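Just one chain is shown here, as structure tokens, and it is the form predicted alone.
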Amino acid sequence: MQHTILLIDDDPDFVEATQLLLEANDYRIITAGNGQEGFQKVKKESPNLIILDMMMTYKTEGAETAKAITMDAAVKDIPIIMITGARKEFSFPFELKPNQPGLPVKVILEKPVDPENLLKTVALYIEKRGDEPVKKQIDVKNLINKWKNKEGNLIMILHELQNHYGYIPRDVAFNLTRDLEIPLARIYEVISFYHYFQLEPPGKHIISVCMGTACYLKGAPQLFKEIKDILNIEEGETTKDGLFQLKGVRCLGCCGLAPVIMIDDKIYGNLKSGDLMEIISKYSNEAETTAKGGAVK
């Protein structure tokens, strides 16, 4: 699986040499000669990695380009390697070190760049990010090719993405708007209109609280509130650890056991307020045991 690297630098000799080096190691290279062009190509191509020169048209252009990239939700997670030969020659309004608000890049390499060091650094951040972004781009392109000549193709593509991922990932939506040439606002309009589509990944365990008439009259609203307080989430949300997602449902068909909740496919009935913590803790403890490599009994 070939990874794409965007090289943003105004030095044609450096660009040519670096492009040859990286292409020889099976990377696909896109180039840009300044920050503005580079930012547009980041948006258009969604590369796996960016190599960015610090000084181009002006001495802080690289830093401002890096900040613009990391402030854009569509491309903010793409790692940036900064290249500079100006660390000792010029003063800057910020310290030249990575991972800071003034310079949101992963690493800074000095010019002239050692080829072996560059290759190791590129491989490190490509590996850290993994193949998932590339796979998502391929998924979107395959679906577009499948549905491109059919009416209502956006809905069908979104349905397949929802079935595949369990939700519509943000970066997939951005890939879709670019490749279909449909405004992002239109895509989110469709996603928000149909309740089937979700924008957040589902929790590992789905807690469904029955709000049917029998359960409602026997205290379901109070149970719902207590679960919200225990998990510190609202209806439809997922806990920060991804373990639980909370939903309200019209009826679970267990009126004789009211009030009822269902976790995944297991029903818990005749519930009282004090029962919930023990039930939820069971799933939390199982997840903790599994994470530590123990057996769940």
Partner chain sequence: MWEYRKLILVKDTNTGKETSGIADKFMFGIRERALEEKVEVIRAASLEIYNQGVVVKILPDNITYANVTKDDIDLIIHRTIEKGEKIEALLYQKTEKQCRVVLRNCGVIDPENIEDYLARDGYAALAKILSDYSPEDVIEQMKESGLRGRGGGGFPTWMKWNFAKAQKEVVKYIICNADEGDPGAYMDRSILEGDPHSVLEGMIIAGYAVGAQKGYLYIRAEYPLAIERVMLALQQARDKGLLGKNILGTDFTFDLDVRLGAGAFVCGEETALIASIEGKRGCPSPRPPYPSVNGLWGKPTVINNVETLANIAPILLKGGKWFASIGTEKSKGTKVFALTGKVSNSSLIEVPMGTTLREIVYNIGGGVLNNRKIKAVQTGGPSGGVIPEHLLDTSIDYENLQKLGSIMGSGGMIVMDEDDCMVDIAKFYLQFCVDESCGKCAPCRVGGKQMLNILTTISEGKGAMEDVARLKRISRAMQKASLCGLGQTAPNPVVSTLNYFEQEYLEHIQNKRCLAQKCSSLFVYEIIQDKCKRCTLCQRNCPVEAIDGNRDIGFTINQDKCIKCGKCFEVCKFEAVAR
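Positions refer to the first chain, counted from 1. All of these numbers come straight from a predicted model, not from anything done at the bench.
The form predicted in complex with the partner chain exists for this protein as well; it is not shown, and the discussion that follows is about that form.
Next item on the list: State the residue from L243, I230, C255, A68 whose non-hydrogen atoms include one within 4.5 Å of the partner chain in the predicted complex.
Entry: The residue in contact is C255.
Note to self: So the partner chain isn't shown here. In the predicted complex, which residue out of A214, I78, I144, A74 has a non-hydrogen atom within 4.5 Å of it?
What the structure shows: Answer to the contact question: A214.
Check: Does the partner chain get within 4.5 angstroms of any non-hydrogen atom of L184 in the predicted complex?
Finding: Flag for L184 set to no.
Notebook entry, point to check: Hey, in the predicted complex, is V113 touching the partner chain, heavy atoms inside 4.5 Å?
Noted result: So V113 does not count as contacting the partner chain.
Check: Does the partner chain come within 4.5 Å of any heavy atom of P101 in the predicted complex?
Finding: Result no; P101 lies far from the partner chain in the predicted complex.
Next item on the list: Would you please decide whether E189 lies within 4.5 angstroms of the partner chain in the predicted complex, comparing each non-hydrogen atom pair?
Entry: Looking in the predicted complex, residue contacts with the partner chain include E189, since a heavy atom lies within 4.5 Å.
Checklist line | L199, M277 and E286 all contacting the partner chain in the predicted complex, non-hydrogen atom within 4.5 Å | finding: The answer is no; none of L199, M277 and E286 reaches the partner chain.
Check: Taking the partner as it appears in the predicted complex, which of 206 to 214, 117 to 125, 104 to 112, 170 to 178 has residues with heavy atoms within 4.5 Å of the partner chain?
Finding: It is 206 to 214 that comes within 4.5 Å of the partner.
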